[in-house]
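Before any questions on binding or motion, here is one chain by itself as structure tokens, the form predicted on its own.
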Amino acid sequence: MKNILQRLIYAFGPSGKEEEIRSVLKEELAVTGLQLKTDALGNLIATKPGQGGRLMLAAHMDEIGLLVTHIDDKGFLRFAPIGGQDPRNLLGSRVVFADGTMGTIGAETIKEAKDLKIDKLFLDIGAATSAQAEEIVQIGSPAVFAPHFSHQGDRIIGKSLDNRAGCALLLAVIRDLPPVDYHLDFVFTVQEEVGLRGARTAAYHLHPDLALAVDVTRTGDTPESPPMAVELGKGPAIKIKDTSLISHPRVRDLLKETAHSRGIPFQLEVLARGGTDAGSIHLSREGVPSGVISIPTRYVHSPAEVIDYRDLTNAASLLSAFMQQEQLFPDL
């Protein structure tokens, strides 16, 4: 998965501009034999037809970013966030536009740390005038953190592990697909970072009987971090609750039983702030029993997120084993 993950991290794909990352995923899926479709909103759906129940597995392919809102007479750019952005992570960061143009983020004079706000930041792409800047970017041009990927022991460091790690996990499961006879949809969704939008339309179209989202979650294992019972290296997290979802008890308990029976290490997750695609999926039509497998991640929504590769591989094992459970569709 490391090679796949590195390739995904280097693909451009902020919310609303997922063409490049979708193209990379299509290439990876071309050899799998699954039926591929891109829906009207841009979700990439890989389907294995079957009989009986229908399982939807979702991982969002978009990443957070910036959107140019103004160009001043000296060529500096103002911007709005795409998704959740902390200005403390932005100051001094390098960003890249779709055509490879690089920039760095600076700030106006700020007397106190509490005054560091998005509207005090600007983007410098090396232009000296507005005319020079407008030859390179336009109002509405999106940018993302400059990509990088490194691994030290079991730890992987890179931008957009949220949620290219989840996409890599689904690709790994697809390439070693367990023998199942039910209908199976792998959905790489768009615009999760701006409101779980792609998952909403995909779930309405597919009408699944059961769903799982694969995404990252925060940890509580760094110095003076907010208390949270999730740590790197102790296994994937089975979500109990976040802002968008209370996991369906049957799905949650079946994930726990699967992990116990296969000897897969896992953690339980209650996320105080944040959500996943499952938040939209479980409210589709008359409701879809849904849950989440989470990959513990430090420094979420920063230029350098950190995961443990063992959590990623154990998450893939858990998902594969879950897919083979006979109790997935007890009422069908």
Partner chain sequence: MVDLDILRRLSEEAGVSGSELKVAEVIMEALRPYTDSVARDILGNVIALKKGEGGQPRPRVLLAAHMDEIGLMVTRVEEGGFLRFTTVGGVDVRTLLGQEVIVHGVHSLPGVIGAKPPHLQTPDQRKETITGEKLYIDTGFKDKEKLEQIAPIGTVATIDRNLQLLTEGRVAGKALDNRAGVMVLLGCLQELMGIKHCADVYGVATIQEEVGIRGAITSTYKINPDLGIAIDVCHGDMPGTRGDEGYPLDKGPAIGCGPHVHHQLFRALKDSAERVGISYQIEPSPTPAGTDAWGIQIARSGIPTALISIPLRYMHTSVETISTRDLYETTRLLVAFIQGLKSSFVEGLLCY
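Worth saying up front: this structure is predicted, and the values here are computed from it rather than measured. Numbering follows the first chain given and starts at 1.
Beyond what is shown, the protein has a form predicted in complex with its partner chain; the following relates to that form.
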So in the predicted bound form, is its partner chain close enough to V31 to count as touching (4.5 Å, heavy atoms)? no
State yes or no: in the predicted bound form, is some non-hydrogen atom of L255 no more than 4.5 angstroms from a non-hydrogen atom of its partner chain? no
Although its partner chain is absent from this view, report whether G84 comes within 4.5 Å of it in the predicted bound form, heavy atoms only. no
Report yes if any heavy atom of H183 sits within 4.5 Å of a heavy atom of its partner chain in the predicted bound form; otherwise report no. no
Can you pick out, from T243, T222, S261, T129, the residue that has a heavy atom within 4.5 Å of its partner chain in the predicted bound form? T243
Any idea which of 93 to 101, 234 to 242, 151 to 159, 168 to 176 reaches within 4.5 Å of its partner chain in the predicted bound form, heavy atoms considered? 234 to 242
Within 4.5 Å of its partner chain in the predicted bound form, do I125, I136 and P147 each have at least one heavy atom? no
